[in-house]
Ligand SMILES: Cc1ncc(COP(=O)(O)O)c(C=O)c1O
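Next up is one chain by itself, shown in structure tokens, the form predicted on its own.
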């Protein structure tokens, strides 16, 4: 290892990680990248190389790295009150909950804060079961909802499920995956009914007919930014409510202006019974949130607590983040920059036939790579090579998809037109490097 006076390198950090951290931890590249500092959409590794970050810590540094207002608010809070747990009330937690209620859809106004999306999912599933008095859950194939025992059970990616056993009473239905629609090609909104009917069939055949809830990401994140047909959620809401269950919407990746609306579910004209948030909610600080209605919240009669959920420092970061998002009108910026990004990705698709699909909303965009446009066989090898080529070009993107065959783009919500253009230029050079 290095001395106090020697410069720590990428190799030093990676060696230390291999020695002391869990080997199963996933890294984006063949050789882990050790980041040391960041500002806005720029980061530097421990060797001093600069990168344009268009993945923002899996869509978490929603206002870019080290936003000055977040730093100011967090520093001030640290000097006043750092931690008290939810056994005590704090002004900053109330402020955070109020700001969230102001932008949440419909009657969603009662929040429980936790530390991560996984914890928020656990809270939502328990909340639905308590309110309905039921325990069976319907989820989507290809979904990702977190890393706990319950969350990995509602997750439907084999590589993210380390145990063969799972929580009983969880059932999976077809993912509304337009590019790979089994009903019609090209898929259109008429397929929404067929996808929704599979939900009803799962309820009728695989449950006791009394589900507690249906849970889904509005746009599948790990699945490769899969956007459902426009009328899908309205039909699913009708079906699950018809059976007396609740609609839980996971906005962990799609929320907070990223799709051009405060929450992606607003594009579909549906009001969830429970909504789950994390990642970009606090600009990089660990906050998970589960929001619901007065009626559902009142159903929880037992005790509940979170030692670190609602932590004053994290709540200060969340308040600063939401305040800045409103002031900067990030939904409008995400919509405008997202259109520019989509145009650039479609231009690359025309040039390279192995880019089978370009999709997404706002600043949540993906490319799906295939070996041939007709057969649509996933091209995992080229996707990994393209990710590495982007790194070499100084561009950070994400990887996803059921077979690791999608590139995911999700930059800071304050990204500029010039930065989008720069990212597209770097991506274009990387595409040329892996072509052939």
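What you see is a predicted model; the values in this text were computed from it and never measured. Numbering follows the first chain given and starts at 1.
Although it is not shown, the form predicted in complex with this ligand is what the next lines describe.
- Query: Picking from 170-178, 333-341, 142-150, 259-267, which part of the chain touches this ligand in the model of the complex when contact means heavy atoms within 4.5 Å?
  - Reply: Looking at the partner contacts, the answer comes out as 142-150.
- Query: Between the options 118, 114, 132, 77, which residue brings a heavy atom to within 4.5 Å of this ligand in the model of the complex?
  - Reply: Checked against the cut-off, the match is 118.
- Query: Which of these residues, 363, 138, 252, 289, gets a heavy atom within 4.5 Å of this ligand in the model of the complex?
  - Reply: Here the answer is residue option 252.
- Taking the shortest heavy atom distance, is residue 273 within 4.5 Å of this ligand in the model of the complex? Flag for residue 273 set to no.
- Query: Along 257-279, which positions have a non-hydrogen atom within 4.5 Å of this ligand in the model of the complex?
  - Reply: Contacting residue: only 279.
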